[in-house]
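In the block that follows, a single chain appears as structure tokens, in the form predicted on its own.
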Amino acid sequence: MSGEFQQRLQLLHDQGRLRQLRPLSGRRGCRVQYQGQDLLNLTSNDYLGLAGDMALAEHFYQGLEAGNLLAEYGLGAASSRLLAGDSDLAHSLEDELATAYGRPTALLFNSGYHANIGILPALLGKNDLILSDKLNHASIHDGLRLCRATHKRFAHRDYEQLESFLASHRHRYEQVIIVSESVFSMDGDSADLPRLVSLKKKYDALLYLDEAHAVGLYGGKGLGKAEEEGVGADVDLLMGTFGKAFASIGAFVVCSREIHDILVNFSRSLIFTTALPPVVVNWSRHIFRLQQGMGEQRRHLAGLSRQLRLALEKQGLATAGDANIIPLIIGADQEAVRLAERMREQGFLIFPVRPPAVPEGTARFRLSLTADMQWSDLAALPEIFGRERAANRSGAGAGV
């Protein structure tokens, strides 16, 4: 058996797809140390630049007192929420989320992955249908596999195909739910939310929106694309994470009271896991309050992203999307690996994204900008990348 495992690993290595853990250290804002180098971190999801903010962390811990050590700064819940792991703190955060979104209720999950694998199987059964964007996150696809409902995937942002599915199949199912990310994590493009809302209303469907890569970055209070486009009230289940722009861990869904209660009773990824530690829930609440006033950081990041896209295009490099996530398609896996190594030598921490995370033949760099970066951090990147890619392709062509 060990020989079979070794063959599988060797095949991944030969394909340029062998994944390894890479410990980082010395985080200072948007910079980090890797293998002894001080690098600009272009791989993080710390979109608002909060995870590396030492002053912010120090301010949070100033609230630590003997009387609240376990209740608000404790390191373990030691039980699931449905046993002894629930807390007033968790309910306080859920109440603040529901109030901010103007929805009846909210429910915490331990991660976006827990939410996406636990929500659909809890809500839907064999007489129901799920229609999911083909480029939705892997956690959504895993949730589809765990669900007894029929599921179909429509081509990425192809709402004509989505409507054709609805027109052809809606009458055959008790419930139909449309599932989409708002900002897609590998392409940096966005769903057409008004169109999705229109289709859900026309065909009496539910809409499940994954805002993992949008919360903190869009809308007046940083609540996501649905807030920015004024459609939040029409989204039946809006999922957001704390593990990206909010610099914490965990996730939440805002929804109706009935959906909330169904999830509490049937969502296995909620029921059968230990609750988040009090210190994590407290930190998430702290960040959620603060980020609602971070409009300047959001504007800065949007402007920085536009500026880098324009500079890359001036170098003849094709980009896509319109978010702070800027994909640069490399193509071949091995080329992406070699080029990432060259960029690290030039001071940029970029890890290549390869299949199955992205479609075959589209290995890429996923440049992830954060609000604590300045243009001076990025100005040299477009020219260096263009030069290194040309040299990399020339060397590969020469058999190097």
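Throughout, we count residues from 1 along the sequence that is shown. Owing to the predicted nature of the structure, the values given are computational and were not obtained by experimental measurement.
Quick note: we don't show the form predicted in complex with a small molecule, though the next part is all about it.
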request  = Go through Gly219, Gly232, Pro278, Gly112 and name the one with a heavy atom inside 4.5 Å of the small molecule in the predicted bound form.
outcome  = Gly112
ask   = Just one of Arg298, Arg285, His260, His137 has a heavy atom within 4.5 angstroms of the small molecule in the predicted bound form, so which one?
value = His137
message = Which is the contacting stretch out of 156-164, 125-133, 205-213, 314-322, given heavy atoms within 4.5 Å of the small molecule in the predicted bound form?
response = 205-213
query = If you check in the predicted bound form, is Met239 within 4.5 Å of the small molecule, heavy atoms only?
reply = yes
query = Would Lys244 show up as a contact with the small molecule in the predicted bound form if we use heavy atoms at 4.5 Å?
reply = yes
query = Contact between Ser185 and the small molecule in the predicted bound form at 4.5 Å, heavy atoms?
reply = yes
task = Please check if Pro327 has a heavy atom lying within 4.5 Å of any heavy atom of the small molecule in the predicted bound form.
result = no
